[in-house]
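Only one chain is included here, represented as structure tokens and corresponding to the form predicted alone.
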């Protein structure tokens, strides 16, 4: 029995069958036995790959988008970007390596609740104290006359466990975060909708269906399931509040609609991963595998502007970066030096990022505030 399963069993013994989303919360984020507390992570040495781990190209395109948004805001001297669910910091590293024009103004906040992954930020990035990074009070001379305050030159990078409180506008980024937040399940029965809870039967963790009065759910056959995304809906609300007037929330994830999910077997859109392979059933080996769920866009309010990842990347300069790489590769292929190899790699990365059967089919959800 894993520590996460022991925690789930203790909760069931104390309270009776518990919500499926509570099991997911424990399995992923329990501070003792949760997947992310015990070393689970994205990356080639981790359990799964996300777009930033494919290579630096994804971050370079995001950096170009940051420059555009900074310019649209009239190039402020402080430009706050918060990356939620920052994981190992791969996206932050590639954005900074791209040296965007907004770098001197950039205040980049990595938000990651996993203590282990947050410790890794300091190994790869020069971190600053959050209070110093966002200090805004003007200095004063000995006669108490205000002196014009010159903000420190960026990029300034900080790492935190929770979303900060910052004056807007703020850009909030989230790459494959929403699918990794705790989610519940609801099943259509012959008597209506029922909530999936988890209890113990024959000394095994087992699903228990509890009738509920469902809200706006799609028409569905008996046996169909849809996810409930309370945690994700709450995160969107908090992220939009953080973005403030003139800010923006941008989330990259694999997504669908409630009706689309109800029409498919739930085991297609609830997935587990371990060491770059599909894992077992969600209730197996709690804490030893990642548990994810496709995001139902229509369960999030207000409705975001939606595009595919391929469309978003191309709209934000992917083609120019790839053309530049192709030109460099053709120029230096005979030499075969590091610059040539990096250029060839960039072309390969682009193909992976826009692949319509893979990462290119991910959705980009955007809220302007």
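Numbering follows the first chain given and starts at 1. Just so it is clear, the model here is predicted, and its values are computed rather than measured.
Not on display, but discussed next: the form predicted together with a small molecule.
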| item | value |
| --- | --- |
| Contact label in the model of the complex: residue 316 to the small molecule, heavy atom within 4.5 Å | no |
| Contact of residue 80 with the small molecule in the model of the complex (heavy atom, 4.5 Å) | no |
| The small molecule contact at residue 294 in the model of the complex, heavy atom, 4.5 Å | no |
| Partner proximity in the model of the complex: residue 29 to the small molecule, non-hydrogen atom cutoff 4.5 Å | yes |
| 53, 113 and 176 all contacting the small molecule in the model of the complex, non-hydrogen atom within 4.5 Å | yes |
| Candidate stretches 215 to 223, 256 to 264, 105 to 113, 280 to 288, one within 4.5 Å of the small molecule in the model of the complex by heavy atom | 105 to 113 |
| Candidate from 180, 94, 159, 186 lying within 4.5 Å of the small molecule in the model of the complex - any heavy atom | 180 |
| Option touching the small molecule, based on a heavy atom within 4.5 Å in the model of the complex, out of 247, 120, 85, 155 | 85 |
